[in-house]
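Only one chain is included here, represented as structure tokens and corresponding to the form predicted alone.
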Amino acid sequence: MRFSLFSLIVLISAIFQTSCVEYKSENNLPILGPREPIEKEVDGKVVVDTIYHTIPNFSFTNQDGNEVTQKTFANSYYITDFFFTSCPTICPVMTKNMLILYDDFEGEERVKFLSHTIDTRHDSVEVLKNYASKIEVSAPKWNFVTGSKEDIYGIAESYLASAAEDPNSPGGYIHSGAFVLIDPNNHIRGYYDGTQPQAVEKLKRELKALLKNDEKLK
């Protein structure tokens, strides 16, 4: 797994900051990423509040030719990653592990999946459709999306992940092997090595804990 220098610096910063991040759920899963303290007045007193890192609005096209935006994931958790269909290294392993999660949460409407191709030249809507059909998954549960190179690589930085062209790497691209867990408020709740079964099991446990906690708060 390889990161761009920018993403690596930001991710390390996010990890070190988690010790003082305000915990939002009973299972103590923190909100990750840069955050900004702000002062505001409440009942005549100045208190410090926190603005947490959020994933910005986006617009991509999925394997069915439909637009995918943050509204697609309203009131849902989603697991996101980066891949390309001709990837000769970690992508097949990541897809296999994501399928485990897809099958486990197939009946859970509050969980969705989002995979961004970083090979925007080759991975057309038709190519993505064939890829999704081959592994027997479908939208809106699992969206495989494409868009402009600038938008894809830009959203990768928002996820504090990496995605870049690299002629010296197998397949011509490098990207993070992470599965990133996003909550309904567009906050990053966890990073998990998508190539490791233990990390995938950890993601599964922590996501189920978040879902259970949400039910308690209703």
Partner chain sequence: MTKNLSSLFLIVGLFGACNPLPNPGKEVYVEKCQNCHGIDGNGLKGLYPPLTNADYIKENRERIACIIMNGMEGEIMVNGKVYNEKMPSNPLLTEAEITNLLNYINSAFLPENKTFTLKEVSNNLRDCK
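Keep in mind that what you see is a predicted model, and the values were worked out from it rather than measured. Residue numbers count along the first chain shown, from 1.
This protein has a second form, the form predicted in complex with the partner chain, left out of what is shown; the following refers to that one.
**Q** Even though the partner chain is not shown here, does it sit in the predicted bound form so that 89, 96 and 99 each have a heavy atom within 4.5 Å?
**A** Yes, the whole candidate spot contacts the partner chain.
**Q** Please tell me whether any heavy atom belonging to residue 109 falls inside 4.5 Å of a heavy atom of the partner chain, as the geometry stands in the predicted bound form.
**A** Close contact is absent here: in the predicted bound form, residue 109 is far from the partner chain, nothing within 4.5 Å, heavy atoms only.
**Q** I'd like to know whether residue 134 contacts the partner chain in the predicted bound form, with contact meaning heavy atoms within 4.5 angstroms.
**A** Judged by the heavy-atom cut-off of 4.5 Å, residue 134 is in contact with the partner chain in the predicted bound form.
**Q** Pull the contact list for 182-210: residues with a heavy atom within 4.5 Å of the partner chain in the predicted bound form, in sequence order.
**A** Read in sequence order, no residue approaches the partner chain (within 4.5 Å, in the predicted bound form).
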